[in-house]
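This document starts with two versions of one protein chain, written out as structure tokens and named structure 1 and structure 2.
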Structure 1
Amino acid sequence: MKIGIIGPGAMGTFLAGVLGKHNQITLVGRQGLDIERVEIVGETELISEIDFTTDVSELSDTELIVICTKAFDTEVAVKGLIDHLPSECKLLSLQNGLKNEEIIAKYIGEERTIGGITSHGVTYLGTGKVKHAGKGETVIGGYPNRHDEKEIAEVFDKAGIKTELSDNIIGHIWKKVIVNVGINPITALLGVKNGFLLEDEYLHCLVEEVVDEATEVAKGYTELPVEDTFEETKRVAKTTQDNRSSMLQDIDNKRRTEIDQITGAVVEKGEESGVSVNVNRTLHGLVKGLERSYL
């Protein structure tokens, strides 16, 4: 398959590497980089030959585009693409955050929009080089309902990214956002690893409150694919106990975080539907304040 990947960061470089073994990959960045091959170390070890470009017109014969920018860059990235894509080309988001698919569908139509989540952990080591830090579930599905994504799931499976097809991708996206609102802001504010949330009694309760609020909001928009979102959040915190969350890494490196697209989006939806989101609003404000102190 001819696949375009937008964003040569951690996730984009990883996917270019694993998918590059059996597919023709064009990795697209917004600034010129010298990448002819990508290297993955860690759980997966491989080197793949790929094409790199900053010129989106080179995607004119692409069958699938995977968006791997941070969620706050989705709109600009998609807007820049749409005039250059063949009419059959589909766009898949594997980002975090609540609104990526909504943004993609606005520009390209729901029938060509595929939603997704992935819990593979990837760390950026440098241009064209990443560490595959841990495996996790990947789920994709047509937005808002399933279309025909079987071939794409097979391409990902063949690349070693075991991929589930879902009729309820919105529910999966909400589930991931709920876990993220529970783990990311608190670890980012306190500078602690994910596992610390399970050790401290006060933080344990705080996570429960944050997750409960977000779950109540989610129920107004979707059917969640797990019964107990707090248990799910604790499970993720346990399996990633030695990790520094992506939001904490962004704070550490004085980069913009995805707080608006994760916690901010839940607060917005809560206010829209009249569900109390006081704790999430507070965490959103604190992370925004921290971000403003260095941005």
Structure 2
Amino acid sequence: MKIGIIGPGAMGTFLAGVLGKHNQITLVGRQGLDIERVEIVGETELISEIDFTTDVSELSDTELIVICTKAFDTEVAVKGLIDHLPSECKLLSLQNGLKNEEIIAKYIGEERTIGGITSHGVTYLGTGKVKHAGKGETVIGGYPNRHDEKEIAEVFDKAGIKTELSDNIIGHIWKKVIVNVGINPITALLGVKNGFLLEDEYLHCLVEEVVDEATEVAKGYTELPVEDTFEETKRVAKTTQDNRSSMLQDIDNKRRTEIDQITGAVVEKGEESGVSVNVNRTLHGLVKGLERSYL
């Protein structure tokens, strides 16, 4: 399959590498980078040859485009693509946050929009090189309702990314957001790996409070695919225990974080629905303050 991947960060580079084993991959970034191959170390060890470009017109014959940009860049990325997409090409979001699929569908229609989540732990090591720190689930489904994504799931499965199809992708997106609000802000503020949250009793309780708030908010918008979101958050933290969360990686590199699209989105939805989100609001403010100290 001819696949375009937008965003050469940690997840985009990882997907380009694993999917590049059996597919024709074009990785797209905004800056000219010297990437002719992708190297993955850690849980997965491989080197894949890929094409890299800054020119989205080179995607004019692709069958699938995977959006891996930061959530605050989704609209800019999609607006840049719409004049170059083949009529049958679908867009799959594998990003953080709540509104990516909504933005994509606004420009290309729901019938070509696929939502997705992935919990693989990936750390960016440098241009074209990432560390696969831990395996996780990957789920995709048409937005807001399932279409025919079977072929895409098979492509991912063949590449070693076990992928589940869902009729409730909005629920899965909320589930990932809940896990992210429990892990990302706290690890980013403390500078610790995901597994540390399970080792300290005070942090363990804090994660539970954050997750409980977000879960109550989510119940007003969708049916969640898990009964116990705190247990799910602990499971993800354990399977990615050696990983530095994407938000921590952003803080480390003095980049803008996705705190507004993750914790900020939960706070916004909570205020709209009258659900208390005091702990999440505090974490949002702390990360924003830290972010603004260097931006």
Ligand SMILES: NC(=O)c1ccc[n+]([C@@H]2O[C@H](COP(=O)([O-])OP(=O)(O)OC[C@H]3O[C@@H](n4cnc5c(N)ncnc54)[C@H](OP(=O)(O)O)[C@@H]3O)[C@@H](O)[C@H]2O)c1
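Along the sequence of structure 1, residues get numbers from 1 upward. Just so we're on the same page, rigid core means the largest C-alpha set that superposes within 1.5 Å between forms. Remember, predicted model here, so these are calculated numbers, not experimental data.
- In this pair, the copy labelled structure 2 belongs to the form predicted on its own.
- Comparing the chain between structures 1 and 2, the hinge between the two rigid parts falls at His172, out of Val210, Ile50, Glu101, His172.
- When the larger part is held fixed by a C-alpha superposition, the smaller rigid part turns by 11° between structures 1 and 2.
- Relative to the superposed core, Asp200 moves its CA by 4.2 Å between structures 1 and 2.
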